[in-house]
Structures are given as structure tokens and as C-alpha cells.
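In C-alpha cells, one chain follows: the form predicted on its own.
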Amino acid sequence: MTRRSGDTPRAGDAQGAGPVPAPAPIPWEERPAGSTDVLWRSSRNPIIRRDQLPRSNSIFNSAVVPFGTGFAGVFRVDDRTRLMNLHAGRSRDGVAWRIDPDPIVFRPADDRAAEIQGAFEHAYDPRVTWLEDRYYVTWCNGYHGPTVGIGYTRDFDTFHQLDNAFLPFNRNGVLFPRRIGGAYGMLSRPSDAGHTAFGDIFWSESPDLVHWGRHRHVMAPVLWSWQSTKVGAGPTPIETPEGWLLLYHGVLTSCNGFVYSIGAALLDLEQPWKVVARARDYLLSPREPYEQVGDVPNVVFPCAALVHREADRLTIYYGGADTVVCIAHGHLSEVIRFAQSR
């Protein structure tokens, strides 16, 4: 059975046996009175503070999925040495989180994966995707520079690491939630070793989640716009009749540095390297103090999205100013129409 992205995995699917618990409702607040925004911020933002762990400098750019009767996730935590690492977390309601104080220790999936673990430099900006029978984690993995790491878990207690998907330098690796044309698919943004001042989104496919090829260009920045410097894939693409809904970050270079905003596009369902529609305007841009002030000012960076299709609800998890975790809400149908706007 193919499960659409955003549908809640059953505990029996993820863990192999047992009764199927009722999924938790996704976090939600109604649109504020008088607002016409397609996305609106939670009144509870930021939902995760920068100092929520004893040694955390900041917690941001993190990925959340439904799990059992609640939620689980993988969180970017920069500690007080400013080392970037990944931590697991759990929540009953998707808002109040218990994050493990110690980083995830990945077990090598095979001897070849074990070879790269001794060269650890950093791990950051994770995404989590339910794919077939387990949760896959992708992240920016430091191996002689940034590249895309891949691992998986069934229970958010034990994690296994596969080989890196690409050569350095690469970031923003995001898996599709099902095979397409018989192959696994991933979006990524080739980059450089530093704070990349450029970047397009590319598609790659694989027969086994280890060997990647057939790279295709998907999307480029748009000159003289909110996304004129670089673009990068955000949450796991959401399958809809109109196409794969891609929420992504776009960046412009202002006189005071980069400004990160959230945009929306639709990709062809069977050839996702083809853009069906792409909104001209941004969905969300830094306006609140927790988005404008922090370790990296003026950043909203989406990494996860939860969908309740029957209620037409979409909740997005994003990092604010590279410092805290926030959420925003919208109606899925309205976001799709927004992606189709010009």
C-alpha cells in the first residue's frame, strides 16, 4: 500500500505488531480574526526555547512526524561549544517537547557506513520521512565538508546510518515519501564549503538509497525577488492531486545579509524534476522578533509539515533566526492555490 505524505503512520506499521492507536490531532490554531494571510503563526511561538537543554546554545531547523498516539522528531541542537548535532525528541501534542539531552548515536548499517563515522564533523538541519516501513532521517552531514547523510529508525530510540548520498558539498537533502517510477527520490542543493551564496534544487534517484544518479535540475533562484540568492527544499513533499506540494526556503541578499523566507511550488507527480506551478510571492517571511533576532537574524527555515487532510489543515515547523523552533498554520487547499498563483 502506498501512503500519501502527511498521512499518519500506524504504530503497527512502524514497529511491526500491536494494536493501532488513534493518532493525535496535529497542532492547530484558527486563523486570527481579520487576517487574510495564507499562513499564520502560532500564538505559542517559539514552541522550543534555545536553552531547553542544559548545554544547548540553540535548538532550531528540526523535523517532526506523527508517531503512535503522539509525535516524534529529530532536532538540531547546537551546544555551548557551538558543535552542531542531532537529538531525538517526543511529544504528546506536537507543541511541548521532551528532547533527549544526549545526541543520537547512529549505528552503522554495514561495514562501509562504519568507515565514514570516524570522520564526523557536524550534523544539522534534519528532515524525517516515513517511507515504506520505517522513518528515514536525512541531514547535512560533515564528511570533509557538508554533504547529505541518511539514516533510519523504527522507534526513535535506535538509529542506523547508511552511506552519505552525495559527494561534498551538498545540503538540504529531502526524500520523497514513496518510490516514483520504481526509484527512491531525493531533492538536494549542491553548495560549497561555506555559507553558500548560491544554490539551485536538484532531483536525484536511487534503486537502494545508497547509489544516487540521474540528477535533474528542478528549480533556480529568481532574480530581483525574495528568492534571488538561493533556494532549498524544506519538508517532505506532500502528495496532492495537483502535484507534489513543495514548501521550500528562498533567500535574498540584503545590505545587512541573507533573508530566508518560505515559498510554495507544485512538482509533477511522476516526474518531480518538472515544476508544475510556483508562487511568485513568499508564504512567510521574517517579521516577528524571534525570527528577526537571534544567532542568524532574519530567518524562517521550514523542515517539517503535518497534514490533516479531512480537516484541510497544514502545520509547518520552522526554525526562527537559527535559534528557536516555531510553527505556523494554514489550510492545505489554500496553500495549493497559493502555489498556483502568479
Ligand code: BMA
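What you see is a predicted model, and the numbers here were worked out from it, not measured in a lab. Quick note: we count residues from 1 along the sequence shown, nothing fancier.
Heads up, the form predicted in complex with this ligand isn't pictured, but that's what we're talking about next.
Could you spot which one of 97, 184, 244, 124 gets a heavy atom to within 4.5 Å of this ligand in the model of the complex?
Looking at the other structure, the residue within range turns out to be 124.
Heavy atom within 4.5 Å of this ligand in the model of the complex: which of 279, 296, 276, 47?
It is 296.
Is it the case that 40, 313 and 334 all touch this ligand in the model of the complex, with a non-hydrogen atom of each within 4.5 angstroms?
Answer is no for this spot.
Using a 4.5 angstroms cut-off on non-hydrogen atoms, would residue 75 count as touching this ligand in the model of the complex?
Result no; residue 75 lies far from this ligand in the model of the complex.
Could you tell me if residue 61 has a non-hydrogen atom within 4.5 Å of this ligand in the model of the complex?
Yes, contact at 4.5 Å.
Does residue 67 reach this ligand in the model of the complex if we count a contact as any heavy atom within 4.5 Å?
It does not: once this ligand is placed as it appears in the model of the complex, residue 67 has no heavy atom within 4.5 Å of it.
Residue 230 near this ligand in the model of the complex, any heavy atom under 4.5 Å?
Flag for residue 230 set to yes.
Exactly one stretch in 31-39, 280-288, 51-59, 298-306 has heavy atoms within 4.5 Å of this ligand in the model of the complex; which is it?
Looking at the other structure, the answer is 298-306.
Within 312-342, which residues come within 4.5 Å of this ligand in the model of the complex, counting heavy atoms only?
The stretch 312-342, when checked against this ligand in the model of the complex, contributes only 322 at the 4.5 Å heavy-atom cut-off.
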